[in-house]
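Shown next as structure tokens: one chain only, the form predicted on its own.
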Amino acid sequence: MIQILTGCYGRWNPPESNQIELDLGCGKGGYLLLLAKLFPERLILGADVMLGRLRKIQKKIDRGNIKNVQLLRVNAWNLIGYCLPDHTLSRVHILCPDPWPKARHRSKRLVTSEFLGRLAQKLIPGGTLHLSTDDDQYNTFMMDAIAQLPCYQKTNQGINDVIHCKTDFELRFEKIGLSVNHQVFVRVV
């Protein structure tokens, strides 16, 4: 079922381990569905604003009889700003977000210090933030944004169990010889 969020999110059928991961901007859902299959004991949230994409993912969920996915149609700022309770997420994946490379579009970038600061409140202490991009300038922008926040500490751990998993974008980029830069941070404060 797709939930269209206009208010607070209430946990849906949380797994016994109480591990909740968020694929923010889940796109066509390849990465999201792979996570769900690899970790049936976890609740995997997939959030996107594109309802058509979410409907297609829901059909795949239904066909595959996948029980540990919850789809959320919501703007990322609203989700992090007021829909999710604090200290809910064990891991967040923001993978290949739109880099908005033109100077006049940069204000539309999602991964800013303000957004990451708000996101930290949604992560449990010790929770993991997984960022990736194929755009070197956006990678620099994201690293500058997160460097301003003492609540995050860069780590080489936290995604070892999913480092082999690729998004649809990453698979496409690899075919044309582009690499995707992955960064991992843990919430320490």
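Residue numbers here begin at 1 and follow the sequence given. Small disclaimer: the values here were computed from a predicted structure and weren't measured.
Just so you know, the form predicted together with a small molecule exists too; it's not on screen, but the next bit is about it.
Of the candidate stretches 38 to 46, 24 to 32, 141 to 149, 154 to 162, only 24 to 32 has residues whose heavy atoms lie within 4.5 Å of the small molecule in the model of the complex. Although the partner is absent here, L95 is a contact residue: one of its heavy atoms lies within 4.5 angstroms of the small molecule in the model of the complex.
Among residues of the shown chain, S113 is not one whose heavy atoms approach the small molecule to within 4.5 Å in the model of the complex. Using a 4.5 angstroms threshold between heavy atoms, I124 stays clear of the small molecule in the model of the complex. Within 4.5 Å of any heavy atom of the small molecule in the model of the complex lies no heavy atom of C83.
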